[in-house]
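Before any questions on binding or motion, here is one chain by itself as structure tokens, the form predicted alone.
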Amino acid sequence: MKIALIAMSGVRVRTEELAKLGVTLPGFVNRGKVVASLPSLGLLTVAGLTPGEHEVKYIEFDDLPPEGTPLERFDLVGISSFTARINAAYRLADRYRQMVVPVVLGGIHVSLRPDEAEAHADAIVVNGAEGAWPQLLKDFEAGQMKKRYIGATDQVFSPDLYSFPRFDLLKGRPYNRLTVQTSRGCPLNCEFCAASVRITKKFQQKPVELVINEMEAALKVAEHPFFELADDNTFVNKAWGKEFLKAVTPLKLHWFTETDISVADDEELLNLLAKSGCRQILVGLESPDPRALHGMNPNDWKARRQATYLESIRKIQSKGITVNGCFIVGLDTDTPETIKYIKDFVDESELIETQITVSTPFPGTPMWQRMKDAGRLLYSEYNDRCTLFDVNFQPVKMTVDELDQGIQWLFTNLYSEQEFLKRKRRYMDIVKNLEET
């Protein structure tokens, strides 16, 4: 068969004022471009699960082809996207189905909203593709494809389920960043999280040998790529982390990942991290206000760690590893005064990078259910507003307009050219001190 695997990508901010700011604020624009340009590791994994006798074509659409533009014909089309772009993915699926081309939809949003997705597909895959996609292909060839397939939620890196991603499909494409996954899930289970924690039974760690093999394969398709680990929390398992860092160091790579603030607790891990080529870790600090963190995850882990934030950031960055501190604006305890508190904390902590997002109840998450039950959702259908920057709910202690204005104020004051250069100089000072010692 001739199979298309299509990623609907791109960042689309609905709020006009924020969209305009994105044109001029370097910090916001730079990160937005990076996110939009990353390949879909999920679809490359689906390609790896596809038997070799089939021809697979990997396609990315930033925008839908104009109506009336002929679409390339395939025997089967698989489409995946994130929530903010899922409506465009549905429109693309509808166009292929009008051509009598069977369509399969998958991904985290589809897994969280399966009934919605089924209206636009001949079949959907819920959870990961492992344990589902190979059977779907067999059924399709036999003319017996079912409407819904349930992928594995456990042991996804076991020999029976694991598939090597098809990095070879990226050859000739202008990527300077590539993604590799080392784990799936996160034990913190924050109520707002719409990541892989929602499609897995428990935190699952990929064997170090497989991760290194994938990185070496990815190096063959891009010259000097910067790697991003597609994990929710890479260093949950500190023993595994040390084994991985020792194995990746000889590759002489530059890379980025997401993890939690507890990496600062382990001096050996930090030293290995610094030597390994890691340039930045993204840490979900969420808020400098401990009141905002209570109830965010089942055992209040983040609330209990808040008192360590300043010292932990200092310790990590002293090793030459920049911290990208992520903050959520619009949490239930937030007031208009919280906005300035975040800016003051960023200044005091001397974070090299920051990421500001608005609290977002992604459909299907515990936060979404809680706000839906309380009648706080502003729209009955708002997939395209789940951009992490557009407000789609009623805050508790401020108005929607105050929240909109607050995030715009933070963007202006954190992502300006002046702030961008200040953080760059701060990092250069850290590097200079390291060289002198």
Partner chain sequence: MEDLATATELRKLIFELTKADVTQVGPSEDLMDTLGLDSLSGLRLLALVEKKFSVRFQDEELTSLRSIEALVLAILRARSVTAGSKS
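Numbering follows the first chain given and starts at 1. All values derive from a computational prediction rather than experimental measurement.
Below, we refer to the form predicted in complex with its partner chain, which is not included among the displayed structures.
Peer 1: Have a look at 241 to 249, 81 to 89, 114 to 122, 222 to 230 and name the one stretch with heavy atoms inside 4.5 Å of its partner chain in the predicted complex.
Peer 2: Stretch 222 to 230 is the one.
Peer 1: May I ask you to check whether Q280 falls inside a 4.5 Å heavy atom distance of its partner chain in the predicted complex?
Peer 2: Q280 belongs to the contact set for its partner chain.
Peer 1: Can you check whether G320 is within 4.5 Å of its partner chain in the predicted complex, heavy atom basis?
Peer 2: Close contact exists here: in the predicted complex, G320 approaches its partner chain to within 4.5 Å, heavy atoms only.
Peer 1: Looking in the predicted complex, any heavy atom of R291 within 4.5 Å of its partner chain?
Peer 2: Heavy-atom contact with its partner chain at 4.5 Å: absent for R291.
Peer 1: Mark H254 yes when one of its heavy atoms lies within 4.5 Å of a heavy atom of its partner chain in the predicted complex, and no otherwise.
Peer 2: Yes, H254 is a contact residue.
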